[in-house]
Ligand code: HEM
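First, one chain by itself: the form predicted alone, in structure tokens.
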């Protein structure tokens, strides 16, 4: 009989999915503005004009939802000596030789790096996006700053998109992970195998 361990509450899962949905919408609407090859995404939002109008508002919603998410998970993402050892054995993780890895808590070093990457990229996207937001804020900034903000916004967006792609791939690749964000639980065997220190904390074993 499978033993299940609570990993995320309903509120945490709802917050995560609001961020995820906002990210997808922001990414698609942003890509439509980034290059003509991606303009067809604009039709998902009612055409080019509506895409341009909606994109910054979606970005604001994404930022607000992520602030709430980051506040919930901040304390779990501080780096420890075990994380440094985990990174030295990243090859064992990729080859699923978890028995050679140090015991980690709720999140491993890879997950923590992603968390801090998003912590940096979301505010950067928000600030640079506000600078170039036509017609509300852009007229108040010099042209040179607008040009810098456009480049920073685009580069930061690509970094975040790549990071989220890795995140989604890893969640699918590590069997049993997706359930944590759909039902809120993981099997005891999954927790013991991938996050042994957290497993001990949750079970006292």
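From a predicted model like this one, the values you see are computed outputs, not experimental measurements. Positions refer to the first chain, counted from 1.
Here the subject shifts to the form predicted in complex with protoporphyrin IX containing FE (HEM), a form of this protein not shown in this document.
Although the partner is absent from this view, residue 107 contacts protoporphyrin IX containing FE (HEM) in the model of the complex, with a non-hydrogen atom inside 4.5 angstroms. The closest non-hydrogen atom of residue 77 lies within 4.5 Å of protoporphyrin IX containing FE (HEM) in the model of the complex.
Heavy atoms of residue 191 never reach within 4.5 Å of protoporphyrin IX containing FE (HEM) in the model of the complex, leaving it off the interface. Among heavy atoms of residue 181, some come within 4.5 Å of protoporphyrin IX containing FE (HEM) in the model of the complex. Taking the partner from elsewhere, no residue among 41, 60 and 153 has a non-hydrogen atom within 4.5 angstroms of protoporphyrin IX containing FE (HEM) in the model of the complex. Out of the listed residues 118, 130, 82, 101, 118 is the one that sits within 4.5 Å of protoporphyrin IX containing FE (HEM) in the model of the complex by at least one heavy atom.
The stretch among 43-51, 64-72, 26-34, 139-147 whose residues place heavy atoms within 4.5 Å of protoporphyrin IX containing FE (HEM) in the model of the complex is 64-72. In sequence order, 167, 168, 171, 177, 178, 180, 181 are the residues of 165-185 having a heavy atom within 4.5 Å of protoporphyrin IX containing FE (HEM) in the model of the complex; the partner itself is omitted from this view.
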